[in-house]
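The chain below stands alone, shown as structure tokens; this is the form predicted on its own.
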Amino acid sequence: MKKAKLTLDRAYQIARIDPRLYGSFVEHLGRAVYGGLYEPGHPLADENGLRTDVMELVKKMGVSVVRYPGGNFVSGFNWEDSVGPNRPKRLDLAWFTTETNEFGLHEFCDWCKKTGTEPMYAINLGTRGPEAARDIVEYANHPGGSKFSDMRIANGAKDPLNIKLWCLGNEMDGPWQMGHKNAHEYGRTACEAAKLMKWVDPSIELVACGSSSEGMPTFGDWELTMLDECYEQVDYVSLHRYFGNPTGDTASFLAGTMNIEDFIRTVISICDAVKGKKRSKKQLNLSFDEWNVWYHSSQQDKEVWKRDKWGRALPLLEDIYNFEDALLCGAILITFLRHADRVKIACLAQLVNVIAPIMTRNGGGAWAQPTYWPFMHVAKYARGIALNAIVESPKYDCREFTDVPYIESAATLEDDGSVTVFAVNRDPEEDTVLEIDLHAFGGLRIAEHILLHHDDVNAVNTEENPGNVIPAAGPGGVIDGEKAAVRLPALSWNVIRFEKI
């Protein structure tokens, strides 16, 4: 049995964790909205057509903020189509489907209230620009007495929708994007849109589009150029990253967080370089507002488009996640906690049916995929202060990385003195005893060890068998004085909660 060591200290503080780190994403794509959030006539739909079974799973999951309505979709979207009594059907050129606009801005904000989530609204900076950006902020947030705020009131919302977090477009360096721009064009557009939006409502926060991924040829130069144009007008820079394992290389797949570490550090460096160049006192933080595993449904999507291009709510991007996907998601969340000083917002993409932790059947049930559980655990227990967890672990080499630690870990300190340790064991064969140094925290006891494990890395959950991959009580451990020893089973996600004696 391998051994690893985790050293914690009350003084090793990274930052207080922003609850918006536990966000998600709903795009008008596939069955995310229609058949996911919204299905009038479903036995469990409320009076407004919202699926209550989905809402209960979202609340249990602990989602804090939801980015909406896209994604690629938003770059060709007219927000006016989604409000009021007469809503047009539109061809969506992002996903080659037909958007009916039955579910729109008011319905989304109603859903957010019922699930206890905060809206994060993305505006169209592809086919539209600063004027439309100004208008939607006026519609959503101005009390009344103007064209668009009075339109909102006439549409049934007397009080402002009070949306405080806004995305300035989506992946605008991507040639697949409607209204694709170069970095200078986007930076200028974002700057002018941001000015107008904040003049309407100075209390809002804005996320500027970073490069679509660190693999893009534009990455780095894009951030430098666009931030040179809009640094003082925005508050966050976005990062997007998806993972896949089409070759079945579990060792490399689970090491993917090493890539995210480099990605985050690079974007922080660029933000700080622009800050220095401008002699600014303002610090930009990061919004990792798209992250997940995405590869299982690729072939299925091609068949769907071939069969029913321009259909409504097509079954697209319906990845069926397995146990190893859950392990990687847990490791990604651990990485975000380790960068809680700069990563303030993160959105698991997406929430329901579309590369999602929650699946539904039209007219039928809703269930949690394996990836649901690590997110729920971190959203529930990673509160308070993120601690700098110093891990000494055996390492391995794989096809894509060298010196990969078998144990990936983060820890948090809550205001009541309790400590929570999150750990992934990447070792496919051996359990590891994790020795945890707790000398700085006074008397603690192990309150709980939560374990997510399955003997088959390809194990999945289904509507018929939703409990195939679910958390259980872990083997736990012992505390001897100021040290704890906890056994982490091979290939496992672990939450070890310590509370004051």
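Sequential numbering from 1, following the sequence displayed. Not measured: the values here are computed from a predicted model.
As for the form predicted together with alpha-L-arabinofuranose, it is not shown, yet the points below apply to it.
A.B. asks: Is alpha-L-arabinofuranose in the predicted bound form close enough to Asn72, Asn170 and Leu317 that every residue in that trio has a heavy atom within 4.5 angstroms of it?
C.D. replies: Yes, the whole trio is in contact, each within 4.5 Å by some heavy atom.
A.B. asks: Is Tyr242 close enough to alpha-L-arabinofuranose in the predicted bound form to count, meaning some heavy atom within 4.5 Å?
C.D. replies: Judged by the heavy-atom cut-off of 4.5 Å, Tyr242 is in contact with alpha-L-arabinofuranose in the predicted bound form.
A.B. asks: Glu290 near alpha-L-arabinofuranose in the predicted bound form, any heavy atom under 4.5 Å?
C.D. replies: Looking in the predicted bound form, residue contacts with alpha-L-arabinofuranose include Glu290, since a heavy atom lies within 4.5 Å.
A.B. asks: Using heavy atoms and a 4.5 Å limit, would one call Asn425 a contact residue for alpha-L-arabinofuranose in the predicted bound form?
C.D. replies: Because no heavy atom of Asn425 falls inside 4.5 Å of alpha-L-arabinofuranose in the predicted bound form, the answer is no.
A.B. asks: So in the predicted bound form, is alpha-L-arabinofuranose close enough to Tyr22 to count as touching (4.5 Å, heavy atoms)?
C.D. replies: The answer is no: Tyr22 has no heavy atom within 4.5 Å of alpha-L-arabinofuranose.
A.B. asks: Out of 197-205, 350-358, 155-163, 333-341, where are the residues with a heavy atom within 4.5 Å of alpha-L-arabinofuranose in the predicted bound form?
C.D. replies: Looking at the partner contacts, the answer comes out as 350-358.
A.B. asks: Taking alpha-L-arabinofuranose in the predicted bound form as the reference, which of Tyr381, Phe375, Tyr121, Trp294 has a non-hydrogen atom within 4.5 Å?
C.D. replies: Only one option qualifies, and that one is Trp294.
A.B. asks: Looking at Trp367, Phe253, Phe323, Trp95, which has any heavy atom no more than 4.5 Å from alpha-L-arabinofuranose in the predicted bound form?
C.D. replies: That would be Trp95.
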